[in-house]
Every structure is written in structure tokens, then in C-alpha cells.
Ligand SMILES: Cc1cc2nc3c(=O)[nH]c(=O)nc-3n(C[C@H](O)[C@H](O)[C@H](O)COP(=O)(O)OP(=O)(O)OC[C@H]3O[C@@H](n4cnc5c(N)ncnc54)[C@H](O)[C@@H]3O)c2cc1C
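Take a look at this single chain, the form predicted on its own, given in C-alpha cells.
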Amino acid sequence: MAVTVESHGTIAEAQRALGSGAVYLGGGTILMRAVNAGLVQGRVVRSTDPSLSRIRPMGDGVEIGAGVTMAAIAANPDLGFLHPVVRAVGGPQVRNMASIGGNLFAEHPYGDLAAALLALGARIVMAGGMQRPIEDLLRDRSRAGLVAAVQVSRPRDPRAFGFLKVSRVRPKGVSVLSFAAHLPREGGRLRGVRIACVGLGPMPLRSPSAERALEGGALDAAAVARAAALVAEGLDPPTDALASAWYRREVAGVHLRRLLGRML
């Protein structure tokens, strides 16, 4: 069966065109590889809606169109808190194509930006206008629908957000593990702790045990040690060509400790 590409002027039209086995083309860094390998056939749907490439301020945050690329994020001064994350994704060619919406659906071992957005508590705007927490989308991406935009708040304190990527090929290789942490402080105590990771499950997810170890206390060496010891508790790391589940579980605490140590 041949591949047929359909272009639609609005995201609403693209949403209606999906179905009957059709797949959506965003940046194409993952889908086009599958097309070239003959793994995807039939209808490919894309949209030229200008809103997909729009970045606009929104209260204390920013709304980022689903088609905005990593390179565009890296070039936008309002998104400086995400610059360390997107600059760790691939090389220039990949960043010029890979989109924020596509990263939400990237299968393991990808999804570094999705983990950062998860740590920041981003909200997802669907093609029909409905909003949902990023956790809901990541939990069942196969039936999520078409994403129009991502809304994310800027950290009030730049020191409250941190990101660390661990790869075998440096500095741009695929993640063995990556961690994103948002540690807001009120009166010297941590409130609303969120720690997200890639490599400790089949998708970007949070570490509830590490979050509980930090919530409500001061960020000090003892708290960091407790969180690092518990980060993989209750999680099920995968085994793949990059690393075994055993290895990921063994070193997860070491790398989380390094990240949190930088945020003291």
C-alpha cells in the first residue's frame, strides 16, 4: 500500500481527517523514519495551521503550539527555563524538525522534553479546545487525540527547576536516564515537589517516593540522600540496548543526587 500525505489548513480539519488507520505527521523525526522503513503505509495527515508554530505569553506562563520545534524553543528568550532541556535533544538537524507535540508521543527511550513538562505541571490543549493535565495524556497516549498546544508556567525562581540527562554518547545521545525536578520553596520549605524521569518506566513519569521524601522539608544534603535512595521505588525500569533494568535502578539514585545537589 502506498503512502498518501494529506495537508489540512486547520488543526480542526486535521483532527476530523484522522481515523481509519491514518497517522499524524508533526516534525517527522520519528514518523518519517518509520515511513522510510516501510513500517507506515496508507494515509498520513498533516496541518499547516499557523497556530501550531505560535509561542505566546499567557499570564505567568507560555502557550507553545504543538508544532513548535526544539530549535524555536531554544531561540525564544521567554522559554529560557527550557533551553537546557531542548539543547540536550539530538543535534541541530533534529532540533530543527523535532516538535514539542511530537516529543509528548515519543516512545522510550525518547521524551526528555516531555519529562521536563511533566515536572513543571504543564497542561495540554487538545485540538477541540479541551485542556487536560500532562499526566493524563502520557498515561494513555494511544487514544489521546491531536494536541494543539502546551501551556506551561515559568518557574518563579529559576533555581527551582533543574534537568539532567545521562547518555552513553555525549552530549547528544539518547537518554539512558534523564531527570527533571521542580522544587518550589515557601518559607524555606519545599511545597509542590515534582520529580519526573525518563528511563524508569515505559514513558516519562514521576517518582512519588522521591517527591514524598522532599515535600514539606528543607532542601539539604540529608533530604537529597533520602530522595535519591527512593527514586526508583515502585517503578519498573525497562531493559533495552542502552541499559538493563538492573543498571537503571542501581544508578538512578546517583544521578538524581547529582541533579538535586546542583539545586541546593
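Residues carry their position along the shown sequence, with the first being 1. All values derive from a computational prediction rather than experimental measurement.
A second form of this protein, the form predicted in complex with this ligand, is not displayed here; the remarks below concern that form.
Chemist: Should residue 23 be classed as touching this ligand in the predicted complex when contacts are defined as heavy atoms within 4.5 Å?
Modeler: Yes, residue 23 sits close enough to this ligand in the predicted complex that at least one of its heavy atoms falls within 4.5 Å.
Chemist: May I ask you to check whether residue 165 falls inside a 4.5 Å heavy atom distance of this ligand in the predicted complex?
Modeler: Output for residue 165 is yes: heavy atoms within 4.5 Å of this ligand.
Chemist: Wondering, does residue 235 line up within 4.5 Å of this ligand in the predicted complex on heavy atoms?
Modeler: Residue 235: no, not in contact with this ligand in the predicted complex.
Chemist: Answer yes if any heavy atom of residue 31 is within 4.5 Å of a heavy atom of this ligand in the predicted complex; otherwise answer no.
Modeler: Yes, residue 31 is a contact residue.
Chemist: Heavy atom within 4.5 Å of this ligand in the predicted complex: which of 184, 84, 121, 145?
Modeler: Flagged contact: 145.
Chemist: Note which of 73, 89, 138, 177 lies within 4.5 Å of this ligand in the predicted complex, where distance is taken over heavy atoms; exactly one does.
Modeler: Exactly one residue meets the criterion: 89.
Chemist: At 4.5 Å between heavy atoms, only one of the stretches 76-84, 146-154, 128-136, 184-192 reaches this ligand in the predicted complex; which one is it?
Modeler: That would be stretch 146-154.
Chemist: So which residues in 87-112, when you check this ligand in the predicted complex, have a heavy atom no farther than 4.5 Å from it?
Modeler: Result: 88, 89, 90, 94, 97, 98, 99, 101, 102, 103, 105, 106, 110, 111, 112.
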